[in-house]
Each structure stands twice: as structure tokens, then as C-alpha cells.
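Shown next as C-alpha cells: one chain only, the form predicted on its own.
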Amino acid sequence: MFFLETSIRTRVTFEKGVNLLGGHTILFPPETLDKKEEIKDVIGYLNNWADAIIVRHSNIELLERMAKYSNAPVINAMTDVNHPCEVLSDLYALSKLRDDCLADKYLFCGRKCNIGLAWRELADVMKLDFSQYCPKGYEMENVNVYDDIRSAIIGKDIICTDSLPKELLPDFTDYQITLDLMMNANKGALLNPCPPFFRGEDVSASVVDSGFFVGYEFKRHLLEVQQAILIYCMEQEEIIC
């Protein structure tokens, strides 16, 4: 496992998931992969011992090179361009709360980023009705984009958000999801902010404390989904998950 020290939810669920399946984890910081040694040679040695390689690293091209040389599955635990395990878990969790989560209408509120791009990937695969709400200059390609939140949120069932870097907050002053705004969504709509979220920035404190918030227990499915990903990938050949 290659994880940043600041990782909490993804690392806990992968590490516990491996242990519950009878495996043993060895943890490294992702910077271990950034040294002078060629990744082909690093993987050449890891092939002697690793049954799976779980990587949280900014550069997805590095993961792709690792997968090229690895005999074990390389699992993407987050890069700068996507976070597939996270959104898979979210969709699974939504399937427990909604009558038909594939028929729901999804709105992602935030900039073009790894979370938004992962939702777009999932929407493409699962044929979800998916839109984005953001200021000009932060749009994802091939997505219906709104710049007016009241128009965007009408008719939507699942509202997803992502936190913002401090330097971008001035551009998103009027883009916070509030309790008042959620009242304009469909009946029974849910707010699914990607953690870490920050009250008073991407979401208001009142909306997180409301019945719209999916709740902390929503992420409990991360554990079983990470385990399912591990089992699936270890049964395949030549796969990057």
C-alpha cells in the first residue's frame, strides 16, 4: 500500500479490508515511488512478494506504468484525475437508500477535479443523468453545465460536492450548497458531499446537520466495496482497477 499520511477513510477501509480477508498490509508513503529507480525495476522486485498493490498517488500515468510491469493487480486508491473506488462505493450506498439510483438525476457542484471526473466516468459507464454546477472556467468536458444553482438543482435527486483549495474559494463564494437551496431539489433528494467537506465553504453547516445529508454511515460501505474490488481484481489477469 502506498498512501499519504493524511489519508483516513480510504486507507482505513483498504487496510482493514485486507486484514479481514486474511491478508497482511505493508504501508509506504507514495513518495517512495518518486525516486530515481525506474518503476519497472521497483515492480520487478515487488512481483516476488505482492499479491495486490494499492496506490494513492497524484500521477495516474505512474499507476499505468506499474500495472504494465506488475504480476499483481494495481488498484487506484486516488489520483489527481479520478477516485474510482470512492464513487463506486457511493453508488452502492445510494442503491441501499434509493428505489432506483440509476434513474436518479445527479448534480455535481464544484470544479473540474478528480471527484467530479470520477463521477463523470461513472455516469458514462452506468448511463446516469449527470450535470455540473460551477463558475466559468471550471467546467468538465462533455457535461451539461449550469452557472445558476437554482436552475441547476431543480429536478435533481443526488447533489454531490467536493471541497475546494483555499486559493479557489473567492471564485466559489456564491456556490455553497445550503439548506435553502436543497429545498428546490426533488422530494427525497440527498446531499452527498465528498469528505473532507468544510462547513461554511462547499456546504453550509445547516445543510450538513439536516436530513438531506446522507450521513456518516453512508461511507461504511467503503469497507465492503474495497474488499469486493480486491477480490475481483485478484481474480483477473492483466488489469488495472
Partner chain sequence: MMKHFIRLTDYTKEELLSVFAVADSLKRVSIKISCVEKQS
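None of the values given here were measured: they were computed from a predicted structure. Residue numbers count along the first chain shown, from 1.
There is another form of the same protein, the form predicted in complex with its partner chain; it is not shown, and what comes next is about it.
Novice: Identify which of Lys136, Lys96, Lys166, Arg150 has a heavy atom within 4.5 Å of its partner chain in the predicted complex; exactly one of them does.
Specialist: Residue within 4.5 Å of the partner: Lys96.
Novice: Taking 4.5 angstroms as the heavy atom distance cut-off, pick the stretch from 169-177, 183-191, 26-34, 66-74 that is near its partner chain in the predicted complex.
Specialist: It is the stretch 66-74.
Novice: Could you confirm whether Gln132 comes within 4.5 Å of its partner chain in the predicted complex, counting heavy atoms only?
Specialist: Heavy-atom contact with its partner chain at 4.5 Å: absent for Gln132.
Novice: Does any heavy atom of Tyr92 come within 4.5 Å of a heavy atom of its partner chain in the predicted complex?
Specialist: Although its partner chain is absent here, Tyr92 would touch it in the predicted complex, with heavy atoms inside 4.5 Å.
Novice: With a 4.5 Å heavy atom cut-off, would you call Gln236 a contact of its partner chain in the predicted complex?
Specialist: Yes, Gln236 is a contact residue.
Novice: Would you classify Tyr232 as touching its partner chain in the predicted complex, given a 4.5 Å non-hydrogen atom cut-off?
Specialist: Yes, Tyr232 is a contact residue.
Novice: Select from 79-111 the residues with a non-hydrogen atom within 4.5 Å of its partner chain in the predicted complex and write them out in sequence order.
Specialist: Counting only heavy atoms within 4.5 Å of its partner chain in the predicted complex, the contacting residues of 79-111 are Asn82, Pro84, Cys85, Val87, Leu88, Leu91, Tyr92, Lys96, Leu102.
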